[in-house]
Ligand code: CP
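Okay, so here's just one chain, in structure tokens, the form predicted on its own.
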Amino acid sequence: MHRFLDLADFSRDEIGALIELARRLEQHPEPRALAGRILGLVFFNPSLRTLASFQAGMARLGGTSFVITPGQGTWQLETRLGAVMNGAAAEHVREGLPVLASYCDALGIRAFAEGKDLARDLAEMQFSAMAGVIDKPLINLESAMNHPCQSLADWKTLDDLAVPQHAKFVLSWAQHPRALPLAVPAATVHMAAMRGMEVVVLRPEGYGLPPAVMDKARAAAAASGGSVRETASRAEALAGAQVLYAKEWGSTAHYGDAEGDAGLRAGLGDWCVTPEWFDLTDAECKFMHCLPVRRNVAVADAVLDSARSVVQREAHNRMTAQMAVLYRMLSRGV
């Protein structure tokens, strides 16, 4: 494996093999598998699970890692092509990233959406430009429209819990004080569709996922025997659901317009997931969220602290799933 950028780059069988490898490494550790290997991690945006889980996973496999947060102890890096660099950034990614890649065996990059131009973010312009100057193995730690590491961990979580392949999976919008990126919802709807699930995107008007995201998910569903649809009806979406995955994201009707988004979400305070949401679901419905989560804004305490919540298992699986990626990418025996 040379690059791990998008689950769509792999077949269902390949994803299954990665999950089986993650399970094997979880049960039978190989603490010398990546001895002498170095992972570089570049974070243009904040992280807790992604940062810690990659460092821990690399250490558990016997490797080492270094972390670069541009502008915090290092030069600030310019990402724009054609930029006139007369501002705060002292170095461009076209020089900085190849240098960092030369110091390690694989590089991971996290760079959120710019959040100004939807077409540009959908095209992954910023991440693609950075990926284009790196010849080492590369991992997407979250880009404008994708978070494959989270999705691989979520798929493993569903398998760990023996959730049926064709179960009803609801991805629901949840409230947040401000607009958040589309990477996780876009990756999640595709992951569930690729797994073969009956996927329903539940969202208020103005928060529908972009057509390109839905089309990609529908293509994956067609290949796996699943389905994908959207609705603003909570009752329709939740009826019989076996998984409820909550996530916050910005309005696609007001993309890049913070004031317009704020005006739209101001009347959506009831989009905080409470125990009552599960009155219509399957009795064993599991609750998922990628974290971080705003308690009692996006999700009520009573849901997060309940037996149906599997958010901690998801978070643990970030490390185990990523260990499989690292092993496949860097182990000399593979």
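Quick caveat: nothing in here was measured; it's all calculated off a predicted structure. The first residue of the sequence shown is number 1, and the count goes up from there.
As for the form predicted in complex with the named molecule, it is not shown, yet the points below apply to it.
Q: Exactly one of K286, R37, R49, R60 has a non-hydrogen atom within 4.5 Å of the named molecule in the predicted complex; which residue is it?
A: Answer to the contact question: R49.
Q: Identify which of L41, V303, C290, A298 has a heavy atom within 4.5 Å of the named molecule in the predicted complex; exactly one of them does.
A: Filtering the options by heavy-atom distance leaves C290.
Q: Closest heavy atom of R195 to the named molecule in the predicted complex, within 4.5 Å or not?
A: Contact check for R195: no, nothing within 4.5 Å of the named molecule in the predicted complex.
Q: Does at least one non-hydrogen atom of D121 fall within 4.5 angstroms of the named molecule in the predicted complex?
A: Outside the cut-off, so no.
Q: If you check in the predicted complex, is E142 within 4.5 Å of the named molecule, heavy atoms only?
A: Close contact exists here: in the predicted complex, E142 approaches the named molecule to within 4.5 Å, heavy atoms only.
Q: In the predicted complex, is there a heavy atom of the named molecule that lies within 4.5 Å of any heavy atom of H147, even though the partner is absent here?
A: Yes, H147 sits close enough to the named molecule in the predicted complex that at least one of its heavy atoms falls within 4.5 Å.
Q: Using a 4.5 Å heavy atom cut-off, which stretch among 272 to 280, 65 to 73, 27 to 35, 290 to 298 contacts the named molecule in the predicted complex?
A: So the stretch in question is 290 to 298.
Q: Even though the chain is shown alone, can you say which residues of 95 to 124 have a heavy atom within 4.5 Å of the named molecule in the predicted complex?
A: Sequence-ordered list has one entry, R110.
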